[in-house]
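Next up: just one chain, as structure tokens, the form predicted alone.
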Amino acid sequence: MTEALIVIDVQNDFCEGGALAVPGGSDVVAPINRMMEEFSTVILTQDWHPAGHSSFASSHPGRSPMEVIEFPYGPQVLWPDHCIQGSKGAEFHPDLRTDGDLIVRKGFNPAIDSYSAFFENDHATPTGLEGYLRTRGIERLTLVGLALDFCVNFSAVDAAKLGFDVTVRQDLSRAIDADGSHTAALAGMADAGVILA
């Protein structure tokens, strides 16, 4: 009971045909479903933005998706509008098993983006996931999902900083790889003590 699988953002907008498609995103669905059988605790995260979220390029006239601008909490990538609350794009991939123990929705504060399953991008506002894991006595985490270089990466690094034993399954994750973000994420996770399997 001390180990959990965390499935990060396997949603329509991050899969082929979605607003922010990650190359090969849907390829991870079937193997993640099989892997769920190996864990007594399964947690899913879901990007859940209000329309007009501040991280959307469309909220900043003259700006384009993938530009980086300064927010009060630091650099912020501007994204295409994606995973808008209640939209088809925000739904989990239709083939993904969603019968886990908990679904954590993130990114719903219109002023702060949230890559990590543990904290919003101000690195201070918690999602509540840490408390859930602690009260369940869970110490070891395996992370899979989308996208490896953003939400999986931030979640894994935060979990390691919080003292959890963290493994990221690279074969069950896919990266956006914007301007070398994939390589940088792997190095950052390794530096944080995350096991890259």
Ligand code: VGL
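Position 1 is the first residue in the sequence shown; the rest follow in order. The model shown is predicted, which means the values in this text are computed figures rather than measured ones.
Keep in mind that the form predicted in complex with the ligand is missing from the display, and what follows is about it.
Checked against the ligand in the predicted complex, the residues 151, 159, 143, 32 give one hit for a heavy atom within 4.5 Å, which is 151.
Only one segment in the set 23-31, 162-170, 127-135, 47-55 has any non-hydrogen atom within 4.5 angstroms of the ligand in the predicted complex, and it is 47-55. A residue is said to contact a partner when one of its heavy atoms sits within 4.5 Å of a partner heavy atom; residue 118 fails this definition for the ligand in the predicted complex, lying far away. Although the partner is absent from this view, residue 9 contacts the ligand in the predicted complex, with a non-hydrogen atom inside 4.5 angstroms. The ligand in the predicted complex is not approached by residue 19, whose heavy atoms all lie more than 4.5 angstroms from it. Using a 4.5 angstroms limit between non-hydrogen atoms, residue 186 is distant from the ligand in the predicted complex. Heavy atoms closer than or equal to 4.5 Å to the ligand in the predicted complex belong, across 161-177, to one residue only: 176.
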